[in-house]
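Quick heads-up: it's one chain on its own, the form predicted on its own, in structure tokens.
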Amino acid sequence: MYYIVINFTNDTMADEKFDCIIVGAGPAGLSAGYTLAKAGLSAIIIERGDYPGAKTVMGGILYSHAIGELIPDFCKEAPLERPITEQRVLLLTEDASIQAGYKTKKFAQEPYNSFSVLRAQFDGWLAQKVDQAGVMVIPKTLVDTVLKENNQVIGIKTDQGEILYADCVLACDGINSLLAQKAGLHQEWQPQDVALAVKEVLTLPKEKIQDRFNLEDNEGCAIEFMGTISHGMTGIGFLYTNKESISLGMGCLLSNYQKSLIKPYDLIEEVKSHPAIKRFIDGAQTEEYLAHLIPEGGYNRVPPLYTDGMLVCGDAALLVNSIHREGSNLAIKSGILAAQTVIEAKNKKDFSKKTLSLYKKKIEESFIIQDLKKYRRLPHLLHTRNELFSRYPQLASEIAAELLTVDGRSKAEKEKKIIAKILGTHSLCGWGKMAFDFWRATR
């Protein structure tokens, strides 16, 4: 385990002003801190958890591109689990599954595409790198509010009354960003804009993992699944291989949970007992149980990213591409871009809204907003198409069973029955409209 514990006292940074105060020691905040330190700026990171990574939850896949931009040789020293060489998608019904997948050994070689990680370990390592670069990380400290002068953010105050000043403050404090709310940049998220994800880390011997997933030492597998397993709720599950454990989870819209009254821990237990999942985790022991809110609103819910003296990064800015399970890489990239903006503002000696608007421009020119904008209509479509998580998976299963069952009936007769099933769900016009809606939602 890598982490830093520094006791914050009134004398720690008394009367000192920083170039930047970063609130939140997740991927966004740590990446910003590292970038600023390498440029010679003074910064401090405030984290409310007991240590960096203590309150962080994600599925467990880290894409290499963004972290490689920050620390090019990260794969030689970071606490990574397995390079992901295989990706599978499962469509589940009550007792059946349909599977698609892709596997390549290229992903087990440099440049790596992605790794499975355990975030408490990874964040702790990254915090250590930030500390070595010269940025102090202060844990166990809650930022109570932002300080303003002439409507410009000039610092923060903690719940213990300590006051720190800076030219710029970065809100990297996660989806429930109290800091961004205090600065007036956004309101609380609505239940339809967030998913509640429940995750378990299950220990299993390395040999069993490799045997069950058909893997070698330097290979990892990522499985996503959806279907009737979510009881009609908009939700996706995941199963990722680590070295000697498995990350298993399920996330559904918070608004769906409120309407259905299904308990998240009951749903994850049901997932664990499904035949397509049970065979992978049989005999595994639960080591960790975690729950976390995940941004799901997409492009249309991204709040203002800047104001005088302040920028918002990562989950706090709703920068998550849930369609492609990308969150941490967007957080890292946004932290880097925020830090670069602070560096430019420092050179200009101007931290006004006008100068800090460069951050928004950088975000818009990056893959972050380009990808979110591409799928800007898709969240609403998924949230309003209940049949995607109920009738359609069942229909696909029935069609597969009909095609694969040999029972003496002719293939022509089977085709007629399949067509009848399809048209019994929607007319040709109805299927055409659905296809158009999905085409439009990805353009």
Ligand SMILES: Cc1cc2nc3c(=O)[nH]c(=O)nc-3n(C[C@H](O)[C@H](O)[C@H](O)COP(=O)(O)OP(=O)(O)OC[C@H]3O[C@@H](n4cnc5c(N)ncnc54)[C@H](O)[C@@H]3O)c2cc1C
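Just count from 1 along the sequence shown to find any residue number. Just so we're clear, the structure is a prediction, and the values are computed from it rather than from any experiment.
Keep in mind that the form predicted together with this ligand is not shown, yet the notes after this line are about it.
- The partner is absent here, but in the predicted bound form a heavy atom of Ala331, alone among Leu126, Ala331, Met310, Val342, sits within 4.5 Å of this ligand.
- Contact with this ligand in the predicted bound form, judged by any heavy atom within 4.5 Å, is made by just one of Ile262, Leu293, Ala284, Cys75: Leu293.
- The closest non-hydrogen atom of Arg325 lies within 4.5 Å of this ligand in the predicted bound form.
- Although the partner is absent from this view, Ile277 stays clear of this ligand in the predicted bound form, with no non-hydrogen atom inside 4.5 angstroms.
- Put simply, Gly237 is far from this ligand in the predicted bound form: not one heavy atom of it is within 4.5 Å.
- Put simply, Ile67 is far from this ligand in the predicted bound form: not one heavy atom of it is within 4.5 Å.
- Although this ligand is omitted here, in the predicted bound form all of Arg48, Met58 and Asp315 have a heavy atom within 4.5 Å of it.
- The partner is not drawn, yet in the predicted bound form one stretch among 385-393, 372-380, 58-66, 402-410 has residues with heavy atoms inside 4.5 Å of this ligand: 58-66.
- Contacts between 142-174 and this ligand, taken as any heavy atom within 4.5 Å in the predicted bound form, involve Leu142, Val143, Cys172, Asp173, Gly174.
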